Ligand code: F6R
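A single chain comes next, written as structure tokens; it is the form predicted alone.
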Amino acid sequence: MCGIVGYFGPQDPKEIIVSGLKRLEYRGYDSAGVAILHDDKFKLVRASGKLGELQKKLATESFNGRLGIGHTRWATHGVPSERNAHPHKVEGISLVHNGIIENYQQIKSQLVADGVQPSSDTDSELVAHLIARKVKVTGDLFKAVQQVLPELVGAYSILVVWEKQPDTMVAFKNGPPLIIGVGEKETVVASDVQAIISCTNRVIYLEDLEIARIRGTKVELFTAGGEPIHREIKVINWNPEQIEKAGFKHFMLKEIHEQPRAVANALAPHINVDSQRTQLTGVGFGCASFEELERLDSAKDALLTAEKLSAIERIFIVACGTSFYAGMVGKYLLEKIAKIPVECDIASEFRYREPVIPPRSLVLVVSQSGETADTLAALRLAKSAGALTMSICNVRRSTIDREAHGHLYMNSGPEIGVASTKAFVSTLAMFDVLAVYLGRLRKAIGEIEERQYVEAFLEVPSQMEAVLAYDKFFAEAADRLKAFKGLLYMGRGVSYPLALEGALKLKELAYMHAEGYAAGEMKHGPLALIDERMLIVMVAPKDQHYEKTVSNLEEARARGGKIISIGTGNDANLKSISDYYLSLPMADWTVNPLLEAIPLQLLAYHVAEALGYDVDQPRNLAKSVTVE
């Protein structure tokens, strides 16, 4: 999830581009760079680290051109470094890219076979090579892009310039957003509106598989085939709250779109990228206080953590609401990968059922706020019974965080919308890491298996970015979906808790009847509810449960139910038996829930929006439940 800014106009391009990148830094801050016209060449300045490192380099740089592009990076292909920073420059072509080119290995193999030696590890540089080769033939940047577009598979937004056409930018996309700001004497291209608004409030939204040719202040849109497109300029009227929302209508929608970064932030402290191994640092079992925890030496801490966790024979996961459903996913992960028996409890039931907590038990409590009353009470009960405890929270120094023996953090950043989104997926990421770490610790998995899991974890933020493209689908479908009498969400395995979470989101936001079921339970009652006024949301990725899930879907279809299916890749079978089919990237079963969460959240958000409800503050609910 990277940030892109391009500028043409009378102001200093360096100042406009850097200012825009600062507003987009939440999209990525692994590295940053600019390519700005100077003496008829694009001068490239890049730096590893946060934007401040680039600003230091630019402090002594001056440019006499009127055109430039900039980028702030969140690493996908290639580690964070200056050589992997954008823009990438190849034979006069300079390019910035947000997204992932899925067929980059095929492209790279062909380019290398033709004698090309890439100077970075990124998929983005390969696109610059493709355009550089085509422009030699076409003599025109727009035509070169038009020829390269069919060769790209994936989710991407790209802005490119060429030294031989120093008044031209070409932008094209498939998935991640690109917006063109049209001023009186200047043009700005950016990933988000907040990078444009200081120059103009008149914008054009580029749609998927369209190409924009920007020559000075003249903006032309074309289809991939070259047919001209006419699109109205929209006027953005922002107030301070909308600026805080980064251009999104609601905090919840902003937070849905922040999820790839939230998951990357959750994973980062616990994965050693060099060795492709999981690690638990900052857990701090046995600390007397939060201050002592913060002073721990990470190496000693890791040894202390391993020693404590090696002795564990049973795990209890205790939480409420969305956190409970994340815990249910955690149960599947921990039992299958780490081979530890796990019980998952709603906090209010756990504390009143007089649970038997054997010696050598770990009680994991999950709370976004760290203040949930029932979860806090369950934590105290577990500690009084002599159990080792660990919290998964988003708010450091919250009560639950302070009182637990061990600590893991969602690292989601502030979550303003009452209905939890990014805290949920960050919690799933924490259970992924914990399960694999314990699996290795207990010798339930080997080094090869661990590396395979870690590779899946590292890839999932980019895959989540691609799934966000369904925002548009649900925005358009919401008026039809809101007319159903109710929704049944179903799934098997780790997708079953996602069905429960999807139903909860719709109830929270749209106030509609919705139920989540294990798909195998359909014949044990829910089948009676199905008719043509009932919408079935079936989560059916390509995993070990796929065949049985499809059989359940056939049964629902035979009773007249309307079906949205969420599957993997181009699944012709699911398409044929569904009214709507949503394709997710091929992924490991451990991370499928992180991908599945996004369309379920978008469905609830857009249906509630279509019904006219306050999405950020649904009735009767609060962000933190601090009383029973």
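Sequential numbering from 1, following the sequence displayed. No experiment lies behind these values; they were computed from the predicted model shown.
Here the subject shifts to the form predicted together with this ligand, a form of this protein not shown in this document.
369 is the sole member of 369, 84, 76, 187 with a non-hydrogen atom within 4.5 Å of this ligand in the model of the complex.
Residue-level contacts in the model of the complex: of 439, 321, 516, 99, one residue has a heavy atom within 4.5 Å of this ligand, and it is 321. Look at 141 to 149, 415 to 423, 99 to 107, 112 to 120: in the model of the complex, residues with non-hydrogen atoms within 4.5 angstroms of this ligand sit in 415 to 423. Residue contact with this ligand in the model of the complex: residue 458 places no heavy atom within 4.5 Å of it. Contact annotation for residue 445: none of its heavy atoms lies within 4.5 Å of this ligand in the model of the complex. None of the heavy atoms of residue 357 is located within 4.5 Å of this ligand in the model of the complex. For the chain shown alone, residue 407 is not a contact residue for this ligand in the model of the complex, no non-hydrogen atom being within 4.5 angstroms. In the model of the complex, 504, 505, 508 are the residues of 477 to 512 with at least one heavy atom within 4.5 Å of this ligand, listed from first to last. By 3 Å or more, the C-alpha separation between residue 192 and residue 478 grows in the model of the complex relative to the form shown here.
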